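Below you will find one chain, with nothing else, as structure tokens; this is the form predicted alone, and questions on how it binds or moves follow later.
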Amino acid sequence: MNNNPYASFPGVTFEEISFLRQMTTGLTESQNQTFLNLYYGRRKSPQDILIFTLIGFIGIAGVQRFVVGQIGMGIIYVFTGGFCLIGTIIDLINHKSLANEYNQKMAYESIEIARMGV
């Protein structure tokens, strides 16, 4: 087995790899494989968030918020034009933070499912 299965994730950062290694410590082989499958399917790469944020400049603001599950903020972005583009610019700068926050949430959900043995 590959020593670092997380390195194959698109756009993965050192911090994310460290976080995932720390989270999965103590999992059995089958739990770890279940976690990897679940997390890989749910994870968003920072580049994807960046692309969705850039869409806000050409017409539909807030797509990045819908993608990371922040439906309320996405609706606000749509109706305010991304807070008159200021929110979109802030999200453009913080796209990695948006992705990391979302990915950590998905990692917690995935590890709980993996521990339950589903």
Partner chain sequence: MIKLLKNNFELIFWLMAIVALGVTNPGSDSHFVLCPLRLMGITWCPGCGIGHAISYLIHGDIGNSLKAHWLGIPALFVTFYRIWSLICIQIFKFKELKTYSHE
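Since we're looking at a predicted model, the values are computed, not measured. Residue numbers count along the first chain shown, from 1.
If you look for the form predicted in complex with its partner chain, you will not find it shown, but the lines that follow are about it.
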- Message: So, Gln70 and its partner chain: in the predicted complex, are they within 4.5 Å at any heavy atom pair?
- Response: yes
- Determine whether any heavy atom of Arg43 comes within 4.5 Å of a heavy atom of its partner chain in the predicted complex, and answer yes or no. no
- Query: Is Glu101 close to its partner chain in the predicted complex, meaning a heavy atom pair under 4.5 Å apart or at it?
  - Reply: yes
- Tell me, yes or no, whether Ile76 is in contact with its partner chain in the predicted complex, where a contact means a heavy atom of each within 4.5 Å. yes
- Message: For the three residues Gln47, Ile58 and Glu109, which mark the spot I'm curious about, does each lie within 4.5 Å of its partner chain in the predicted complex through at least one heavy atom?
- Response: no
- What are the residues of 76-102, in order along the chain, with a heavy atom within 4.5 Å of its partner chain in the predicted complex? Ile76, Tyr77, Phe79, Thr80, Gly81, Phe83, Cys84, Leu85, Ile86, Ile90, Ile93, Asn94, Leu98, Glu101
